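This document opens with one chain alone, in structure tokens, the form predicted on its own.
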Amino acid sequence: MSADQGKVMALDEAIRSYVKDGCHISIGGFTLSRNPMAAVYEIIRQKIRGLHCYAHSNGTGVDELVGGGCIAKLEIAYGGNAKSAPTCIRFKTAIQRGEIQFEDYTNYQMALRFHAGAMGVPFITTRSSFGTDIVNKWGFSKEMREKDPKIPDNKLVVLDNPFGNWGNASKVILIPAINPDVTIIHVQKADKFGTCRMMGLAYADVDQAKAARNVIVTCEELVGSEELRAEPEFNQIPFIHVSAVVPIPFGAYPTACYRYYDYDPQYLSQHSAFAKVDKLYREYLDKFIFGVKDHQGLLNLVGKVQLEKIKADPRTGYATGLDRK
């Protein structure tokens, strides 16, 4: 990597450099928005196995990684693709069959866990999940936790409020920080050094990036640093956190990237039909992931006509005339 190219890398090189069998990985985005799909497909294509994955509330990204056989353990609040799959299908199937180990937290707890990781503290307090089975039902056993030094000894700890009833709470819940080996996010704009600009909602991506040891950023546009410096208040992630920058248009497809393109309801509906049947899903993987060299190959299969349909309206940032049935 030369000084002139900064941290810019090809996607296959970035994945090969930072995502290893058995590593702890976090992916950004939220359900149908800004999942780092080009990177997800490349992980599957490279047949990386045994990943311990963390996500806030994800959709196609997690579902494809599970379906592609890459994930062994998963910690997440929710996995779904709205109407096309209210609960992600390969994700649900793998849990029902006992093919992956899974631990459930609330949306707020997952956001807080990444925030604790970003702050560099070992845990954070909350009252979220009191009155639910999330407190009592653990996906990872005590025995497994004791054998794996990268997993905390407890899912959570219920603690008497050390300040008495201060804040009108007699008890609080402690939840462990998350510090992944690598976080992968997709953004609208980045410079070659890794300063990032996300448009619209950022979800938990900023904390996910700051909590990780390494960060791979895929971006719609690689722009000059002067453009990002002109309005620094719109940048969320400074270059110091980023290990690799991968310019890849439509890098979140088939999920949405605000102000660039919407999610593709046709692709996601077809994917759900494939995902319900093991044989069909293997055929899907063979055609759309293993059958192409890279993400551009998948886009070529989808075709320019379909990609044009999901192009974002410049005023709203969404595809206003899109048939979402």
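Because the structure is a prediction, the values reported are computed rather than measured. In case it trips you up, residue 1 is the first one in the sequence shown, and so on.
The form predicted together with another copy of the chain exists for this protein as well; it is not shown, and the discussion that follows is about that form.
- Residue contact check for Arg259: one or more of its heavy atoms lie within 4.5 Å of another copy of the chain in the predicted complex.
- Glu143 falls outside the set of residues with a heavy atom inside 4.5 Å of another copy of the chain in the predicted complex.
- Proximity of Val246 to another copy of the chain in the predicted complex falls outside the 4.5 Å heavy atom cutoff.
- At a distance threshold of 4.5 angstroms between non-hydrogen atoms, Lys192 is out of contact with another copy of the chain in the predicted complex.
- Only one of Ile71, Cys219, Ile175, Val182 comes within 4.5 Å of another copy of the chain in the predicted complex through a heavy atom, and that residue is Ile175.
- Applying a 4.5 Å heavy atom cutoff to another copy of the chain in the predicted complex picks out Leu112, His115, Met119, Gly120, Val121, Pro122, Phe123, Ile124, Thr125, Thr126 from 109-126, in order along the sequence.
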